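Let's start with one chain on its own, the form predicted alone, as structure tokens.
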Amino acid sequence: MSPSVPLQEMIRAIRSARTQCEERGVIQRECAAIRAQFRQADNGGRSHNLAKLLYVHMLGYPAHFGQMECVRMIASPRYSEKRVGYLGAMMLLDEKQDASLLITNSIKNDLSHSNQYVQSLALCTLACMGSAEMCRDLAPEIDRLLRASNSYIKKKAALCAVHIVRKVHDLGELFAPAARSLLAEKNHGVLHGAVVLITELCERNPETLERFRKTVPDLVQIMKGLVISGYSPEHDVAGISDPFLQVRILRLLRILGRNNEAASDAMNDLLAQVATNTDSTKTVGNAVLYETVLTVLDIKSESGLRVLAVNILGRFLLNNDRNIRYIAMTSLQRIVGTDHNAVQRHRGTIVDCLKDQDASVKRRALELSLALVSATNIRSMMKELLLFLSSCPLELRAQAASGIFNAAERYAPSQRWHIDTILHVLTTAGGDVRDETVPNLIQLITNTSELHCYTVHKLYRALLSDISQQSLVQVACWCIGEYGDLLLRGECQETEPVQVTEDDVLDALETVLQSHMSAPATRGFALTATMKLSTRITDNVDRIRSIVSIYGSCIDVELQQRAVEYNALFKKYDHMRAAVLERMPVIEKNSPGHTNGESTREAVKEVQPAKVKQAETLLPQQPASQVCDLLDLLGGSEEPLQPNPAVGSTLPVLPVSTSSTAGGDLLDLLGGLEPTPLTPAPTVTVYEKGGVTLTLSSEKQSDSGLTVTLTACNSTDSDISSFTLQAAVPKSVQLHMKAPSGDSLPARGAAKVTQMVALSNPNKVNLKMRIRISYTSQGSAFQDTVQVDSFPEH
């Protein structure tokens, strides 16, 4: 192949290569020829050779030796060579290459060129690969071009300014005045570039954002012109006038209207007009509607407009395009917490999406369906979710089971319904549930004494029909061991009783013990149940003794240990067997003011908000010398936080120390302090930060009882949600926190949240309290702690 072949001939030769080796040979010969011609001083075909080299680069072969040729061609006065040179610079150079610095002066000269196309080449190259140093050097030139009279240049300059702002944030102030003036342009390309530039400026600088909020009326007018304009062949796309510009304007309005009522009010009418007048039958219209919905949901819009936005998302759910259905459910998932009732109207459509063939749509539909469960629709929604669980993909089964458990625990209309629902899940997906499911269900069954007979009969039937679901088998074995006497009695008012003999029950447990499907933990449940039945039946104690003795030599160490201990009960401590194997007492969850464990050990109580379902794990008691010791109830740090020094009773103020550490550490807060006498005061402010104020008042109920009232108020301009209070007290003080009056604080003190805390101090130790404050404001989570060293009393 001759070195002077045209680009088309080289492409044809490369494509006709039958093997990769042959292709490499063609490219190596051509690259050698290109190198030789680059070395010639007077080369008339430089642009031709560089174009071929760029094609080689596109195929993935090394072409770095053409970088300096790009620099030389950019400096050429001929437009044809400049064009290829700039193209080569954008492909072969980046800001990390030293050669890129060599073209800075050429770009600066070309930005002042009389030919708009040469200026355009320089602008595109700077926007593509300009380094931070180049951007600083050339920013004044870009600002000058933003004020040029040529619309073509202003459009390119605006997009180049976006790149400069991203590279050097400090230069944003330079372009702000020119960007504001570009909004008066009629050319859509210039408007598009201006909106993108203003969006970038507002996202990076809060002061610039505040300044550009004054442009909301201008943007509204531009958007209205696009919505109500007639057919324009230059900008029309599927019946929508310039949808690209509309989407960009809506995104900018979303940024300008966020957390600002005045700006939001100025755009409410426009958003309603776009939402009602845009054609939703085409993908282009759906894109504009989707951006409109996101804007409505992100600004401080009217309630009616938010309902309209949710209804648009509801229409998206009926679309045949799965991508549109997916983004609709993703958006609804984000707002279901704030606009729950509006989303509830589309519950039927969302549930229908559970039957979709697409796995991503199913997952989103499951998450949204679980979020829509409430006390009013728990029965109907649970029916649909259980139906979905029976046929859902394996990768969604664990998520579905976990969501059903949580919903049943929160909204169960009755204890029997709760138990039936969990048993249904265990029967359907027992192998995919979480580890804590078994103890949680056992606790639920234990606490519902009136349903013991019903539950043991139902679990016995389930055990006979299927022993492959390990979680179900474990619960069934536990219940049979505890309530086997109710099963053998054959009397059950809630369900049809089953006539069961002692041999039938033992046969079922032996089947579990001998089954290859039974896990070691399941065999442990079955062996313990068998042992417990020895005190609940009379005729088959010898059979139980033989079953237990068999597992005394089991290969599983845990099972062997249990069997050896049970054999010892039979042989050496038979007189104690009935007492050791008696029915378990009611199991109580750890709750404020209540703890499980040995009565001789005083555990520290942790106050929980109403939403928390289970208490944190309590730490063991420290030595008795630390009377006022308060362990790490709410954080994970091992380093103690030091409280304020003890204050005498003559001071009228309430000693308070605050900590803003992320973990909210409470480890050893009060250990080693001398008792501090209480300072009487009616109401005292114990926390005031970030617009949130927490006041404390207390009233003595008895010699050892005290009722504390915590009142929170929000003085900021933004609403606060998920507001919770948690508290910790010394070990010897009993604490019970009642349900709060709410979990949200409206802006500007429109309402308050009150929390009542009852303290019992039988040992008359000095009262101390550590309070954790958690809330969400403007999408960000905040957490802080405050220490109260004395309490005012009425």
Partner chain sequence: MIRFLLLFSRQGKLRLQKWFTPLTDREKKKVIRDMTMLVLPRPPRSSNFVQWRDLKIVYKRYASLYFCAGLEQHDNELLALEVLHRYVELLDKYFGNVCELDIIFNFEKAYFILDEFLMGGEILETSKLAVGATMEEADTLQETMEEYMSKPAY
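Predicted, not measured: the structure shown is a model, and the values here were computed from it. Numbering follows the first chain given and starts at 1.
In what follows, reference is made to the form predicted in complex with the partner chain, a form of this protein that is not presented.
A.B. asks: What I'd like checked is whether H424, M517 and D556 together line the partner chain in the model of the complex, meaning each has a non-hydrogen atom within 4.5 Å of it.
C.D. replies: None of them does, since no heavy atom lies within 4.5 Å of the partner.
A.B. asks: Among R545, K300, R536, H192, which has any heavy atom within 4.5 Å of the partner chain in the model of the complex?
C.D. replies: Selected option: H192.
A.B. asks: Could you work out which of E688, D574, D507, D94 is the residue within 4.5 angstroms of the partner chain in the model of the complex, going by heavy atoms?
C.D. replies: Contact residue from the list: D94.
A.B. asks: With the partner removed from view, which of 465-473, 718-726, 110-118, 132-140 is the stretch that lies within 4.5 Å of the partner chain in the model of the complex, judged by heavy atom distances?
C.D. replies: Within 4.5 Å of the partner lies stretch 110-118.
A.B. asks: When the contact criterion is heavy atoms within 4.5 Å, does R251 count as touching the partner chain in the model of the complex?
C.D. replies: Because a heavy atom of R251 falls inside 4.5 Å of the partner chain in the model of the complex, the answer is yes.
A.B. asks: Taking the shortest heavy atom distance, is F38 within 4.5 Å of the partner chain in the model of the complex?
C.D. replies: The answer is no: F38 has no heavy atom within 4.5 Å of the partner chain.
A.B. asks: Closest heavy atom of V237 to the partner chain in the model of the complex, within 4.5 Å or not?
C.D. replies: Yes, V237 sits close enough to the partner chain in the model of the complex that at least one of its heavy atoms falls within 4.5 Å.
A.B. asks: May I ask you to check whether N323 falls inside a 4.5 Å heavy atom distance of the partner chain in the model of the complex?
C.D. replies: Yes, N323 is a contact residue.
A.B. asks: Quick one: which residues from 62-82 get a non-hydrogen atom within 4.5 Å of the partner chain in the model of the complex?
C.D. replies: Contacts from 62-82: R78, Y79, S80.
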